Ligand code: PAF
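Given as structure tokens, the chain that follows is alone and in the form predicted alone.
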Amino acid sequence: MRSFNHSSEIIELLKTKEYEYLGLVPTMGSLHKGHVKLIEKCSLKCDQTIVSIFVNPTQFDNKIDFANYPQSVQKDIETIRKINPNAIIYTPSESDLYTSPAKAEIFDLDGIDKIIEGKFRKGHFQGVATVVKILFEKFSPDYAFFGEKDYQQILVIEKLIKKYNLGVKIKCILTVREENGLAMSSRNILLDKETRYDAKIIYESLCIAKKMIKKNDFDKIKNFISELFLANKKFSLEYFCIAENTSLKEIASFNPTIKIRAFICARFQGIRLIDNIALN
């Protein structure tokens, strides 16, 4: 079950293969069912798939979070092989992607990287954009696959592609959820069983917002969600907002002609859990 540590090896290998469409699934490893769906979709859409596993240092604004990020590379490789035995697995060292020290490039993303999640993770999306651009330029995939749980990330990458003419088409899959509604995330493994169950409050809050959306003032909805978390006490609410689908600008009232989403982030002992859903 070989993986490739150097992009140059993959580039040479691709020269020997015949394919119409090349697909890329960028991951940070610790694969879950959401990643499985991405790899499955890529394998169906494309006749050659690359899955990268790399915990990208430039998208972390918290050194402790970076150090604690779960890793299980060998298990991940086995998971990928079961889904697609012909997938090319890229497990680079930092030096294969960055010159030392690893540093994020600064992109003009029209401010979409500075709102919602970007307010609370300074430079996060610049780091995401940096590593994604490197991967796109190395392998020139036709398609790249991402999960809707990271909806803002998808918009950032689409903005990057457009601004820098990267010629990659983005395909996204719906958020894959645990039985209690919690969005699948590599960070979920850091939660104990009881806390993982109690984390259902995050998705439940989004569903409540969706039910309230047509008949209630948005401030009332936000206050209701805030009070829900204050009563819960286990999870602290970092943010909850309602925003327009493509600009991510916050919306003050319901307009059926404007597509909107609710975004949420809650913390448990330093572990951040994010989610979002379409409201109309």
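All residue numbers refer to positions in the sequence shown, first residue = 1. Note that the structure is a prediction, hence the values are computed from the model and not measured.
There is another form of this protein, the form predicted together with pantoate (PAF), and it is not shown here; the text below is about that form.
For the marked spot (T27, V128 and D150), a heavy atom within 4.5 Å of pantoate (PAF) in the predicted bound form is present in each of the three residues. With pantoate (PAF) omitted here, the record of contacts in the predicted bound form names 55-63 of 224-232, 55-63, 246-254, 208-216, defined by a heavy atom within 4.5 Å. With the partner removed from view, the residue among I116, I80, V132, I201 that has a non-hydrogen atom within 4.5 Å of pantoate (PAF) in the predicted bound form turns out to be V132. F146 is the sole member of F107, Y143, F146, F139 with a non-hydrogen atom lying within 4.5 angstroms of pantoate (PAF) in the predicted bound form.
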